[in-house]
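Starting off, we have a lone chain in the form predicted on its own, written out as structure tokens.
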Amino acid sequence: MSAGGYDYEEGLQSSIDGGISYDPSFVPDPVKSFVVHLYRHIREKNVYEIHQMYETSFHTLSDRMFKDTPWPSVEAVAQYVDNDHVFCLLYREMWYRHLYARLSPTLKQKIDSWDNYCSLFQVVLHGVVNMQLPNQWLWDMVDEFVYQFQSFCQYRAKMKSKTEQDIALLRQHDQAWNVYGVLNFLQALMEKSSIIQILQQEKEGLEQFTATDGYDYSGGSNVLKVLGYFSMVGLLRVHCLLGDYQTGLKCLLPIDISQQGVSTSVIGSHIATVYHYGFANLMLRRYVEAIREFNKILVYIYKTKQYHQKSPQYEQILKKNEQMYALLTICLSLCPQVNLVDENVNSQLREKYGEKMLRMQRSDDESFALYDELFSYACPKFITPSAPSYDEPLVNYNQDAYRLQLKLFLYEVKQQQQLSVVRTFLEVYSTISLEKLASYMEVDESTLRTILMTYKHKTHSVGADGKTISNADIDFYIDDDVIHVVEAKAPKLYGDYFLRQIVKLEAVIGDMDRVKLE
């Protein structure tokens, strides 16, 4: 009998109609059935059934029975699963995730959730975990772990609304969601899993990790390996939240995001990886790399989003899709390389932000305000990880990290906008003397040389391998006081054009075939 076939309807109506207040010790029959079957499938390593129950049954029960209340407590369901310690940790992880998604957890619950993650990850790192869990669940664990850390930092930074009891609890549990603890767990999962060595051996043909989507078909467990893999994405995300983009990208180096891999097998992981990777590159002025990756993921979402409409992650997919269009708009305004963008993405981009992109090309306050607006909409929710001083007057500092990153970004934009005049002239001329360009720009030659050096600096950045990479579609060199312009011309790709025409022709032939001739 498949997981989707269990009769969860039985007992549902009476539970709903009863109108009784939430009792954590009451376990309705559908929940008993759910935990008993889930426990059995985990023991039998039946990944397909676990996935069906986790992705479908859990959300169905949550929608119908626990829309505004938590699930039954772990103590109440433990008796139905032989009081299994690991299963109870997994159940509690889902319990807190549901609480965060549907309700507002109390400070005590936020701290208890941290303790549960500590216990769960300690078991994975130091115990014997002989399970196979779906990649979706393992990704959700890492994703939720980072999300709850971010949420806690934001909550703690809003000091004005804190009661004396809240402050006493924060003082008492000062290690809860500590930034070093979060980073240490992610780092430990990555190192203990030996995932970097596994991915290296796979390149040499000695391992099969990607080919099996990380699952172990020889009777072993995939939990540590896949958690270690997703922890690299988690580390990228944490470092982006902290504003340390260089370190974040270093953490992701073992994963080749240009290739299909385990990160692309889970849509949430795929999108989160590219979103943070692209944003980090944008902040490091590696615009071309950011444009390439944003373009690829936006094409992917454009082609596949209809298949995820019933997924619990659908709303998040659409939100990240819109944010990445905003980030792509910023990249293309600072580095106008539209030739790197797919026709479908370009069409969507013109529809969403065409007018704004034109206004962003200008060097005035309005264009500056548009950069501010798009960045604020699309950036991650930056955090200040340090605890406040509880003895000083209580002030809110939850916006401080965001304001700092916005300030740094807008400072960069301001510098780049001053170079747009130079770019305009370089587009027009193939050669021009320094003297002539200086007179056009109404500056002296010495100032012009400084401006041109700034242009060179701002259109080049240092890649992950330490080499200098160019983001310029128009470059130049100076020989004997004459500027020689070099325009980067992308090779023409005819394949897409012919494919589109073939599809159109086939549609026309199909229409003609349907016409009945008398």
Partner chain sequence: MARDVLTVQASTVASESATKPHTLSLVQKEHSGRRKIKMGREAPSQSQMSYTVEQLVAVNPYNPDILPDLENYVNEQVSSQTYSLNANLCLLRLYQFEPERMSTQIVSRILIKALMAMPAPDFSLCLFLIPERVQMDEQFKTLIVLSHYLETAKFCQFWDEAAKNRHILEVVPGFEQAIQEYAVHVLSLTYQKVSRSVVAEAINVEGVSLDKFIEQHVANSGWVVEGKGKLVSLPRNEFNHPELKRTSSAQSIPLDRITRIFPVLG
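Residue numbers count along the first chain shown, from 1. Between two forms, the rigid core is defined as the largest C-alpha subset superposing within 1.5 Å. The structure presented is a predicted model; accordingly, all values stated were derived computationally and were not measured.
Absent from the display: the form predicted in complex with the partner chain. The rest refers to it.
Asks: Is K32 a contact residue for the partner chain in the predicted complex, using a 4.5 Å heavy atom cut-off?
Replies: No, no contact at 4.5 Å.
Asks: Heavy atoms within 4.5 Å of the partner chain in the predicted complex: does D23 have any?
Replies: So D23 does not count as contacting the partner chain.
Asks: Answer with yes or no whether D166 is in contact with the partner chain in the predicted complex, where contact means some heavy atom within 4.5 Å.
Replies: D166 lies outside the contact set for the partner chain.
Asks: Look up in the predicted complex whether Y48 has a non-hydrogen atom within 4.5 angstroms of the partner chain, and give yes or no.
Replies: Although the partner chain is absent here, Y48 would stay clear of it in the predicted complex, with no heavy atoms inside 4.5 Å.
Asks: Report the residue, out of C379, I297, A326, L242, that has at least one non-hydrogen atom within 4.5 angstroms of the partner chain in the predicted complex.
Replies: Of the listed residues, the single hit is L242.
Asks: Sort through K407, K203, K319, K160 and report the residue having a heavy atom within 4.5 Å of the partner chain in the predicted complex.
Replies: The option sitting close enough to the partner is K407.
Asks: Quick one: which of 52 to 60, 66 to 74, 23 to 31, 467 to 475 gets within 4.5 Å of the partner chain in the predicted complex, going by heavy atoms?
Replies: Contact criterion met by 467 to 475 only.
Asks: The partner chain in the predicted complex: within 4.5 Å of a heavy atom of each of E207, S218 and Q313?
Replies: Looking in the predicted complex, the three residues E207, S218 and Q313 all stay beyond 4.5 Å of the partner chain (heavy atoms).
Asks: At 4.5 Å, heavy atom to heavy atom, what parts of 265 to 292 sit next to the partner chain in the predicted complex? List them in sequence order, or say none.
Replies: Contacts from 265 to 292: M283, L284, R285.
Asks: Is it true that F476 shifts between the shown form and the other one by 2 Å or more at the Cα, once the core is aligned?
Replies: After core superposition, the displacement of the F476 C-alpha between the shown form and the other one reaches the 2 Å mark, so yes.
Asks: With both forms fitted on the core, check whether the Cα of L434 differs by 2 Å or more between the shown form and the other one.
Replies: Yes; L434 is a residue whose C-alpha shifts (by 2 Å or more) between the shown form and the other one when the cores are overlaid.
Asks: Core superposed first: is there a CA shift of 2 Å or greater at D68 between the shown form and the other one?
Replies: The answer is no; the displacement is under 2 Å.
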